[in-house]
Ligand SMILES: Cc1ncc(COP(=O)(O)O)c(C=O)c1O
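Taking the form predicted on its own, here's one chain by itself in structure tokens.
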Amino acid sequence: MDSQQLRQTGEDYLIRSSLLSDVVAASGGPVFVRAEGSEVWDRDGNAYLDFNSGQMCSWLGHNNPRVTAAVQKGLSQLTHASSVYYNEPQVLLAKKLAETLDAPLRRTLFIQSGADSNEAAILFARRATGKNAIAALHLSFHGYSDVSRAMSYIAAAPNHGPTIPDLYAIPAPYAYRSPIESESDEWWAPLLDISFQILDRQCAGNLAAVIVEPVISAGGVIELPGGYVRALKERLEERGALLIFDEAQTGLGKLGEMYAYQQLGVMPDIITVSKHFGGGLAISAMVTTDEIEQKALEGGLSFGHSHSSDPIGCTAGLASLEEIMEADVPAKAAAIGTYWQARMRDLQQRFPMIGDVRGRGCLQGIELVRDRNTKEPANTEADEIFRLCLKEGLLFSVRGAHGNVVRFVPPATTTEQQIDQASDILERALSQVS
């Protein structure tokens, strides 16, 4: 079966999702068959630089040797076990994960996806506090299960039916497009004031938690100011509510430190990790404190899936953590981010279409505008740049509230030569579209 036949078979038998870009579909996108490190190959033998790290889940590099070897061995020993009992990979992974975190975060529940872990975090927060209301930033993305979709406001769409009760949106501190005109370092303070003035009326005395991404990824690679997050934590403590960090796309070394909360200097009450946690395999975790776990149990907690704590997923997670820690992957991410931003800021000097360059480590974005003064979003231009880069062998994604933020997530295996190659492809696309 050749590439065209495979593509047509997919169109005939697979459910079409909004995740499948219209631009990709229109261009007869590639059918991938092989991957290694920072590259993937299609059915016709064409190589692509994968600056999206798959679905951000292969950030350690496609087919990481340590993870592959561990999984191959694990498949011959124990692939599945009842979640009613402990299994060895699960116990070892829980201990190893706790060693990467700061006290008092140490109690872990293993599941499968980012949406699962965020559902668990919401349930734990509600059971531990005895309250129900959950707030999330208005540009957030936390998953595609019912509850996580309902608080993924960047993905809000009509015709999905009524939202889940007791979920509320608060304004995200978006420096490049802030409605607050201020030169102060605390320009975000009025947004936080408004958020709690509204929450104190919408869910008076009933706020269980606020969930945030330390860097809002799908919403446009928006970095939360450290002062904002610290003030948010103080407001929550005053109300007996919890702070949940969704570190699916920021944790486990991606931003240059093991976790984003360490960079921000804020201790969350609950943290969730997923994406590259399994080195490309499906596993996620929700981690909290002894105190919150105990309160949640007393509050009637019951949570789990058929594949919770699967040994093979935990085996992959253990190998992934060993790779991150022993190979000092956070330092690699920091170096990649520094080199990448230097290239992007050089392009920004030559292309007025690049309104803003932002991100940390291996989570980077450029916001495209038609005019730097008006900041009119260049969304159709972003789609055309995506198409041109795909044609030349560079993969990334287009995100943001206006569909004009070009997001790059290069794997930790990416070399400076590959960054130069990607930058040159992007430069040619910018030249054509400009």
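The numbering used is simple: start at 1 and walk along the sequence shown. For clarity, every value in this text was computed on a predicted model and none was experimentally measured.
Another form, the form predicted together with the ligand, is not on view; read the next lines as being about it.
J.: Taking the ligand as it sits in the predicted bound form, is Ala115 near enough to touch it, meaning that at least one heavy atom pair lies within 4.5 angstroms?
T.: Ala115: yes, in contact with the ligand in the predicted bound form.
J.: Do Gly256 and the ligand share at least one heavy atom pair within 4.5 Å in the predicted bound form?
T.: Close contact is absent here: in the predicted bound form, Gly256 is far from the ligand, nothing within 4.5 Å, heavy atoms only.
J.: Just checking whether Phe141 would be counted as a contact of the ligand in the predicted bound form - the rule being heavy atoms within 4.5 angstroms.
T.: Yes, Phe141 sits close enough to the ligand in the predicted bound form that at least one of its heavy atoms falls within 4.5 Å.
J.: Is there any non-hydrogen atom of Gln249 lying within 4.5 Å of the ligand in the predicted bound form?
T.: Result yes; Gln249 sits at the interface with the ligand in the predicted bound form.
J.: Sort through 314-322, 351-359, 288-296, 141-149 and report the only stretch with a non-hydrogen atom within 4.5 Å of the ligand in the predicted bound form.
T.: Only one stretch passes the 4.5 Å heavy-atom test: 141-149.
J.: Taking only heavy atoms into account, state which residues of 262-276 are within 4.5 Å of the ligand in the predicted bound form, ordered by sequence.
T.: Sequence-ordered list has one entry, Lys275.
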